[in-house]
Ligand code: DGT
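One chain comes next, on its own, written as structure tokens: the form predicted on its own.
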Amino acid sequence: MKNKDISNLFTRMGTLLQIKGENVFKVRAYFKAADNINSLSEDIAIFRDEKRLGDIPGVGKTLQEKIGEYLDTGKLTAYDKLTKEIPETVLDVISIPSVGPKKAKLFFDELKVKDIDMLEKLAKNGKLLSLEGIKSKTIENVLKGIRIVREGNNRMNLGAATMCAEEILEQLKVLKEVKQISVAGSLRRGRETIGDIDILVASSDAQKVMDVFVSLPEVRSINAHGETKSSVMTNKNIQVDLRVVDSNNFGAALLYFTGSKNFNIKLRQLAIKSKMKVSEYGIFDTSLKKEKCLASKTEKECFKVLGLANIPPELREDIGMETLFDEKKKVKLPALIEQKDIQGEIHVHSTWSDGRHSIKEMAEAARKRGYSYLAISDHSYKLRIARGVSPADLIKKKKEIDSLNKTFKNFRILFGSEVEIDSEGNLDYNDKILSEFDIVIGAIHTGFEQSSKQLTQRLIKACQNKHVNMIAHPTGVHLGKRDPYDFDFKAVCQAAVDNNVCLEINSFPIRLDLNSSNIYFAREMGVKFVINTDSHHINHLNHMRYGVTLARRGWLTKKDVVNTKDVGGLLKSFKKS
């Protein structure tokens, strides 16, 4: 399917036209078409073949011709012509937090800023200050944004890494030579961001597996092609390393190459005390003249020989590591939460605000996943950019939900709202309106530049509101684009506990907020959590697995997460004392 490619192309085209100063309606046409094409569930090539491109909202005759040209040639003449006027690298400048199209246009028009390196140089030598409206604080934010973008380019989020790895795993699994296969490294541990992807295979014919691996359609270039290890760069500039081992050593190798580095150090230290050693080939008894392999086939066997429980990959991090290896306490591993424990979500969006699907479509998708409830929590009305719901429209939305609920059996749509927390910590709707919701979610989307004290007070005041049940994406992080805002996390956790407010674990790949360290800390303080996807499309419901992974890394059990309860238990857990 070329849907995403065309959607991205039209978005880039619209952005460059915006910088060029093109007619605003022409610019919007590209953005609207990109949006609608990205939402298609059917291959756009089929629309073209069946002469149905005109059925896609926002796709007129001109854009239909451009879609046809791209499908036939893989190129777009108009785009190539435009990038001769405005270099494509200007789009990288726009991606920097605090810049955006308006400032990028100013930088390009006045100083011919074509790329991030040039922008950084001008920011550091003070030349940007010569531009109207640019102040020292602006320069500070630009340089900070450049750092965030560069760090983001070096690492991918958990969702992007998972999708890339799964595409490759699916193609290797079908080989008869592949007896066992698994991701390893930071991806297997579920880190929020990943550098390279590591894959481990058990096979007696390493060469065949290697030859297929380096020839996969995703491969752009080959870094190394050896007998038991190969490394490639994908078309999306992701490094993937593949290692092949003997089936008898697969467990030990998987344990070793999953890491983390510090976890492996702890294992080695533990082994030495018992006159053993740990390597990628197995656990060996070193007390004999000739070393004897005690375990190697499975991770479980390796852990057992070392006197440890079968430690899940998500816990093999610095978080809680001292607890895992505390010989005095002999800590019992928690029964970590699993995706099957989730009974519903309370933070998804519909077409009433900035969602792509109707309430009914979102509910049906949730039912297919086996959920028993779903709260449609659209944005509140002051968040104009997300088409927040006005008080008048809330009445219509509630009627629609009530009507749909009459048609469902063993499933309930909850009337929710993601309510904006303003600069003073007040909520968007008044108490009367808030009291009518089943679920009220407090959220910050603006004012990230406020002081730590101000941001902390905003969140605490929201927690103290008698109607608020949860704080959404609590730290405001946007991976590769925005750092967490500065606030007193401990104070907010305490306010959440004191006022029976949950903190969200947001599963959306570009958020993954809270991170695992914050989850572990908040859990120790007694905070309760809700895992949500923040879905704006039915496909986004699939992101739940990433939030569950973060919860597991934070040592959460089923009891720590309120949306593992049925709808009655969920609503009861939100009741204020």
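Start at 1 with the first residue shown and count on from there. Computed from a prediction, not measured in an experiment: that's the story for all the values here.
Another form exists, predicted in complex with 2'-deoxyguanosine-5'-triphosphate; not displayed. Remarks below refer to it.
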| query | finding |
| --- | --- |
| Proximity of F257 to 2'-deoxyguanosine-5'-triphosphate in the predicted complex, heavy atoms at 4.5 Å | yes |
| Interface membership of N264, 2'-deoxyguanosine-5'-triphosphate in the predicted complex, 4.5 Å heavy atom rule | yes |
| In the predicted complex, D378 touching 2'-deoxyguanosine-5'-triphosphate (heavy atom, 4.5 Å) | no |
| Partner proximity in the predicted complex: E364 to 2'-deoxyguanosine-5'-triphosphate, non-hydrogen atom cutoff 4.5 Å | no |
| Segment assignment from 78-86, 403-411, 190-198, 501-509: heavy atom within 4.5 Å of 2'-deoxyguanosine-5'-triphosphate in the predicted complex | 190-198 |
| Candidate from R356, R155, K360, K397 lying within 4.5 Å of 2'-deoxyguanosine-5'-triphosphate in the predicted complex - any heavy atom | R155 |
| Single option in T475, S350, S296, S186 placed near 2'-deoxyguanosine-5'-triphosphate in the predicted complex, where near means a heavy atom within 4.5 Å | S186 |
